[in-house]
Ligand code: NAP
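The chain below stands alone and is given as structure tokens, in the form predicted alone.
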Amino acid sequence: MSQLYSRVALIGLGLIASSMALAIRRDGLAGEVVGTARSDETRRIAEEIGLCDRVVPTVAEAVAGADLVVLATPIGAMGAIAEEIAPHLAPGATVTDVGSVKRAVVEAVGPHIPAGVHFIPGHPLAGTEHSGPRSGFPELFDGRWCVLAPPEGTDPAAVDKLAALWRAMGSQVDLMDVARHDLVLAVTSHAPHLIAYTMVGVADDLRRVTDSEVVKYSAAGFRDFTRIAASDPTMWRDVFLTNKDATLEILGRFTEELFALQRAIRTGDGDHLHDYFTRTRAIRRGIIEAGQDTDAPDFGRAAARK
């Protein structure tokens, strides 16, 4: 693949940004990758492992001369960062992000983007429970989806170029408006994460089951809850605070479904339970058929990623 951008600036060097850096440099998709992070320790590690061509101490220095700027920080920090980098953005540059919520990013970042700079919110639907600059790997995006949510009137050429970058890193790309994105992700990601956090919290609170029993007898269901619940707490705090309405809507529906299942268990309604589980099992099969997971016993996870 040929070079798509002259200089890519990565602001924040966690799982997504570090995986982007590795994929971009592996395939020569940019002339230079410059990275920065708020933490001195994060920047030190990034330099030590050679994650970027350059690691710099400030966001202003990172975006200077960049034709693509990627905001890869917690959503709650993006507005202040956008305000700080605005005077230093190159004319014609593209600013994007990798946040799990889009409306809040548009509202926080959009007002600070100067005329002549393209703003294309994005969300790669890929990840693990790990974080930090050592957590990245260039295959993270292979076969996964990346959603782009360009505001009305965005230059189509800038959108096409950013989409080409994501495809070159292995992703499939969809365009979606911000409201639809936030509702879809509330169903597929945000509510499931909150439920996982809750289930692990219940196990911690249920003192009649000891810690050693929880660890020793963790079957696949609870084990996978703990994997999800190990995700970065700052990122998920911001997700729920910034996608409040859609998440609460889906949690309301979840509560209704849960009450119906409770009633079926209480009344011995086996037909309802069997029909419900049959329908939900079909969704799992659809995910496998779509290439978004495998039917391997370990759900396709390499041992090193467990």
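As the structure is a prediction and not an experimental result, all values here were calculated from the model. Counting begins at 1, following the sequence as shown.
The same protein also has a form predicted in complex with the ligand, omitted here; what follows describes it.
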query	finding
All of I120, A149 and V173 within 4.5 Å of the ligand in the model of the complex, heavy atom check	no
is_contact(S39, the ligand) in the model of the complex, heavy atom dist at most 4.5 Å	yes
T94, heavy atom within 4.5 angstroms of the ligand in the model of the complex	no
Close approach of M20 to the ligand in the model of the complex, 4.5 Å, heavy atom	no
is_contact(G79, the ligand) in the model of the complex, heavy atom dist at most 4.5 Å	no
Heavy atom within 4.5 Å of the ligand in the model of the complex - the one residue of P192, G110, P138, P74 that qualifies	P74
Proximity to the ligand in the model of the complex (heavy atom, within 4.5 Å), stretch among 253-261, 60-68, 30-38, 272-280	30-38
Residues within 4.5 Å of the ligand in the model of the complex, restricted to 112-134 and counted by heavy atom	H123, P124, A126, G127, T128, S131, G132
